[in-house]
Every structure is written in C-alpha cells, then in structure tokens.
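As a starting point, one isolated chain is supplied in structure tokens, in the form predicted on its own.
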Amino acid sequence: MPFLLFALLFLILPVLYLVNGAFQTPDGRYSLETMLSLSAPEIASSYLLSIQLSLASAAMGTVFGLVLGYTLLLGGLPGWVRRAFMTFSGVASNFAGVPLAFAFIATLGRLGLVTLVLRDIFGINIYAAGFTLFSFWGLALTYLYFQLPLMVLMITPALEGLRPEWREAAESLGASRKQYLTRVALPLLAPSVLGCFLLLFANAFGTLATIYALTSANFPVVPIVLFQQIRGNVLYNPNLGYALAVGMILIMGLTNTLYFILRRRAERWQK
C-alpha cells in the first residue's frame, strides 16, 4: 500500500494531469489543437534532434561499455581492478547535471585543462580543428561520461551469465576465440545489449540539467523546449509544454516496453 500510494501521488496523477493539460488550449477549452501542434516544424525538429543525440550517446555507451565490461569480467584482470571500476561506475553513472557540465568545461572547454595541454605542449588545437564542447558531438561526449559506466553496471549480470562450459564446448569442437565470441557469446548477449541500449537511450532522452548548463538553452532538444514553454518569459505556453511531456512519455513508454520484451528473452539463457 505505501508503494501504491507513492506511485499514485508521484507517477500516475502527474501523468494524468499532463494528459489533461495536453488536450486543452491556453483558454481552458478542450481541443486536439495543442497535441496537433507537435507536428509543427520547430517542434518536430526538436524531437528529431533529441532522438539523434540520444541514439549517438547510447550507441557509444553501449559499444564502449560492452568492451569495458567484457574486459573487466572475462579479461583476466586482477580482482581489485574490477572492484575499483565497478565502484567508480556506481558513482559516475549518477554524476550529471551542473557539476558534470562544469567538469567538462574545465577539462575540454576553450580554456580547459586538456585543451590547453594539447595546444601548448603537443601543438594540437582541437578548437581550430573544428571541435567544440558545445556542439552535437561535444554533448554526446559529455553524455558518455554517465552512459558508459551505466552500461557497465547493466551488462555485468549478462556477462556473468555466460557459462564457462559454453566456451569449453566451443573450444572442444575446434572453435577459435573469435568464433566463440561472434557465434556464441554475442548472439546470447544480443537481447541484453539491445535492452541496455534502449535504457541508455531513455536515460539520455530525458536529460535536461547537463545540456542546459552547457549550452544555456541554445541547443533546442525537447527538454529545453519544454522548459521554455513552462518557465519561459517569452515562449510561455504551459499546455504546449504538457503536450511535449506527453510526447516524451510515449517515446519513453515504447522504449521501456521494448526493453522488457528483450529482458524476458535474455532471461531464458540465464536460468
């Protein structure tokens, strides 16, 4: 009962409130006008930009996190290295928002530590070469800081579920290490990896504080546009903000549904 009451107050009722507001106009009249405004070019482009940024950061986090997780668990590294990385991953996966934005500005900003070291010691000016922290790929790199360790934490149970006898059976039949990875391990891990990718996508799709602190609301992803409609002085239309939130909920709901389907498929191999 306490959990159901908590879910009702902080999940179900707020969603119903958003849905109700999304089908109203600013004058309180019920209409499809607000929801249909999501098809406007500027709104559609913000959704597209959010999806692209989330896909890019999720893809990088999935690939690098899988390689790192496999190395830590099955690469023969000392136990203390694994424990240290897992502890760091637990902390870094929750390090976001304004502190993360400040850390990256101080590191890879135009006058950041790494930027100056590369320029003054190695003669490499990354900003002259076209890189900027406040661009699409700069934001994707910033997201990678919490996406990669989150991937390591999520994929660890699946990697631990790879039974040694499967590798031994493959080797006894003459399979090389590469053949074992490509024909046995990766197919077994595929549902878990895709599920983790979907969760990383959802994690990046709803991020606001980090991108707001880095770009000062000049990068029009959906959370920024929503924030401007709810709290802005010029672009103030709460009902449009509710509609934007409902659109995000639908995308997140679809993402999580696909994740649960893939998780059930992956669990069959871990029983």
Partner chain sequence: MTRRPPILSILIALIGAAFFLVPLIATFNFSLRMKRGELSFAAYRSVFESDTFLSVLSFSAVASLMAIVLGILIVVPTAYWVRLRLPRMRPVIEFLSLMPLIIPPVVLVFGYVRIYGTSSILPLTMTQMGTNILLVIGYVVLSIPYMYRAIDNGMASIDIATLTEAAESLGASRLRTIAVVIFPNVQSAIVSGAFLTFSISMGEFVITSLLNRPAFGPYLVQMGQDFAYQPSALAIMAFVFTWVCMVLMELFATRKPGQRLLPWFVRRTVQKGKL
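It should be emphasised that the depicted structure is a prediction, and the values quoted were computed from it without experimental measurement. In this text, rigid core is short for the largest set of C-alphas that superpose within 1.5 Å between two forms. Residue numbers count along the first chain shown, from 1.
There is another form of the same protein, the form predicted together with its partner chain; it is not shown, and what comes next is about it.
J.: Verify the contact flag for residue 195: yes if a non-hydrogen atom of it lies within 4.5 Å of a non-hydrogen atom of its partner chain in the predicted bound form, no if not.
T.: Answer no; every heavy atom of residue 195 is more than 4.5 Å from its partner chain in the predicted bound form.
J.: Might residue 26 be said to contact its partner chain in the predicted bound form, defining contact as any heavy atom within 4.5 Å?
T.: Judged by the heavy-atom cut-off of 4.5 Å, residue 26 is well away from its partner chain in the predicted bound form.
J.: Contact with its partner chain in the predicted bound form for residue 227, defined as at least one heavy atom pair within 4.5 Å: yes or no?
T.: Because a heavy atom of residue 227 falls inside 4.5 Å of its partner chain in the predicted bound form, the answer is yes.
J.: Although the partner isn't part of this model, could you tell me whether residue 156 comes within 4.5 Å of its partner chain in the predicted bound form, counting any heavy atom of the residue?
T.: Close contact is absent here: in the predicted bound form, residue 156 is far from its partner chain, nothing within 4.5 Å, heavy atoms only.
J.: Does every residue of 15, 71 and 76 put a non-hydrogen atom within 4.5 angstroms of its partner chain in the predicted bound form?
T.: Checked in the predicted bound form: all three residues contact its partner chain.
J.: Give me the residue from 85, 180, 127, 134 that has a heavy atom within 4.5 Å of its partner chain in the predicted bound form.
T.: None of the others qualify; the residue that does is 85.
J.: Within 4.5 Å of its partner chain in the predicted bound form, counting any non-hydrogen atom, which residues from 104 to 119 show up?
T.: In sequence order, 104, 106, 107, 111, 113, 114 come within 4.5 Å of the partner.
J.: Once the core is aligned, does residue 223 move its Cα by at least 2 Å between this form and the one not shown?
T.: Not so; residue 223 is displaced by less than 2 Å.
J.: If I superpose the two forms on their rigid core, does the C-alpha of residue 205 end up displaced by 2 Å or more between this form and the one not shown?
T.: No; residue 205 is a residue whose C-alpha shifts by less than 2 Å between this form and the one not shown when the cores are overlaid.
J.: So that I can tell if residue 260 moves, could you say whether its C-alpha shifts by at least 2 Å between this form and the one not shown after the core superposition?
T.: No, its C-alpha moves less than 2 Å.
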